[in-house]
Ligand code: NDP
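Take a look at this single chain in structure tokens; it is the form predicted alone.
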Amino acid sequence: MGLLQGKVTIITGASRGLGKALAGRFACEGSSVVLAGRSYNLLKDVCREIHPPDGEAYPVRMDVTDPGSVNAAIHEIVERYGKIDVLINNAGIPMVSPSEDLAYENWKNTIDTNLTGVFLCSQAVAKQMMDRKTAGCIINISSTFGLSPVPQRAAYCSSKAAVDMLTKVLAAEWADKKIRVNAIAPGYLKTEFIGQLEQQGKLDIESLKKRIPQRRIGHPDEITGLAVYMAGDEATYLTGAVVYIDGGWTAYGFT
């Protein structure tokens, strides 16, 4: 406990799922957590559930696809806390469609949210870190689908593969500014969205388990520990990494 004492962390897409789990864990480690997203009322509800031993949980309305919204939110956060130590780019949307039927609007929305949003938030936060000449950490939430191609996920797989490359480019470019950039690429996790797909008959969990060497779906809490390590003072030489947490999915060579 207390590994992130005194740090200020922004988590995008923090109203549910992995973002919510990350917010709770970072708060327990002593960080003030800023929950950013479009669903302001949901963010406020999550903040009420979080009780940081130090600092606070604070909601901020932000649309990661809108540069004006991103810059306004970052300005508000810096005005309130005086600094930003950690950014977790977690906001993202899925997209499942036969490629021949994938509407341009759905392609664009996926790329805008999953890729451009990561760039806009990273750019805005990095400028603040550079202006204050303080070390910082950016963690991008990618996916195993950035490495493993899956049918009917052209937009999603493309966006996550691009996030992996963006992570490496920014890590190399900003290393001399003491800004570390890494990515975590989870496999299937027990989130509300996955539960909905299972209930709708759009996802066969039992078949998925057979494909995963550990024979189970992961839990968001199994991702948060690595994020804490990446953000902490013991990971100061770690940058440009994409780390897979997937129960062995990407290591397994058979379908």
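Quick caveat, the model's predicted, so the values are computed rather than measured. Residue numbers here begin at 1 and follow the sequence given.
Not pictured, yet referred to below: the form predicted in complex with the ligand.
*Asks:* For residue 64, is any heavy atom within 4.5 Å of the ligand in the model of the complex, or not?
*Replies:* Because a heavy atom of residue 64 falls inside 4.5 Å of the ligand in the model of the complex, the answer is yes.
*Asks:* Is there any non-hydrogen atom of residue 188 lying within 4.5 Å of the ligand in the model of the complex?
*Replies:* Yes.
*Asks:* Residue 180 versus the ligand, in the model of the complex: is there a non-hydrogen atom within 4.5 Å?
*Replies:* Residue-level check for residue 180: no, no contact with the ligand.
*Asks:* Does residue 116 reach the ligand in the model of the complex if we count a contact as any heavy atom within 4.5 Å?
*Replies:* Result no; residue 116 lies far from the ligand in the model of the complex.
*Asks:* Tell me which stretch of 123 to 131, 155 to 163, 171 to 179, 79 to 87 has a heavy atom within 4.5 angstroms of the ligand in the model of the complex.
*Replies:* Heavy-atom contact with the partner occurs in 155 to 163.
*Asks:* Can all three of 147, 211 and 248 be found with a heavy atom no more than 4.5 Å from the ligand in the model of the complex?
*Replies:* The answer is no: none of the three residues contacts the partner (heavy atom, 4.5 Å cut-off).
*Asks:* Going by heavy atoms, what in 124 to 160 lies within 4.5 angstroms of the ligand in the model of the complex?
*Replies:* The stretch 124 to 160, when checked against the ligand in the model of the complex, contributes 141, 142, 143, 156, 160 at the 4.5 Å heavy-atom cut-off.
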